[in-house]
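The form predicted alone is given below as one chain in structure tokens.
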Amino acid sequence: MTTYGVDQVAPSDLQRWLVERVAEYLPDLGEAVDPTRQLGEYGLDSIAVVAFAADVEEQLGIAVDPTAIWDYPSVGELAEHLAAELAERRPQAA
């Protein structure tokens, strides 16, 4: 599994990683996870959403409320949100 440092995540890399993680929760999906499709359409249950949020927290080192999965309902939207959160945490140049 790829590990991301807080200050080195490109949104496209983050999206790719999120797609892989979602696919792990949907082993019977039979198709690639579409980053533009709403996660709710895949049938992720609340247990999977909480576990997914915990995975993201552990990987990125930031708090991720499970409701963020529903507030940013596609992988693409979630990746953009998380990339923005990470960017806000980067030290500012003096």
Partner chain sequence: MRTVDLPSRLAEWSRPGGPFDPAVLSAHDEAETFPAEACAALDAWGLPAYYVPARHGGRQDRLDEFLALLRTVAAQDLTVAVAHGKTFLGGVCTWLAGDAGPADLLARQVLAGEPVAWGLTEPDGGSDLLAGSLTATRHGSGWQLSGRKWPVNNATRGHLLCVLARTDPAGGPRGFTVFLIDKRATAVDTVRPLPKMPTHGVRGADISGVEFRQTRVPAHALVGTVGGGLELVLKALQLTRIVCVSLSLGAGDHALGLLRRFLHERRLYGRQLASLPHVRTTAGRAAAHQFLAEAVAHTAARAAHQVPEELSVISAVAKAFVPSLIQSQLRLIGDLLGTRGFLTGVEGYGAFAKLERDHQVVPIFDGSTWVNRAALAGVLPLLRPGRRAAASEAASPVHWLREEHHPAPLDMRRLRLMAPRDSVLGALPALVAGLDAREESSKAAAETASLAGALLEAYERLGTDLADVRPTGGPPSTATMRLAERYEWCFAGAAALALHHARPRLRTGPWGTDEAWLHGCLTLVLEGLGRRPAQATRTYDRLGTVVASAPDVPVSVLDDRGPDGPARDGSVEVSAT
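Numbering follows the first chain given and starts at 1. For clarity, every value in this text was computed on a predicted model and none was experimentally measured.
The same protein also exists as the form predicted together with its partner chain; that form is not shown, yet it is the one meant from here on.
Using a 4.5 Å heavy atom cutoff, 24, 54 and 57 all lie near its partner chain in the predicted complex. Using a 4.5 angstroms threshold between heavy atoms, residue 39 stays clear of its partner chain in the predicted complex.
Contact between residue 48 and its partner chain in the predicted complex is found at the 4.5 Å heavy atom cutoff. Proximity of residue 31 to its partner chain in the predicted complex falls outside the 4.5 Å heavy atom cutoff. Taking the partner from elsewhere, residue 71 is found to have a heavy atom lying within 4.5 Å of its partner chain in the predicted complex.
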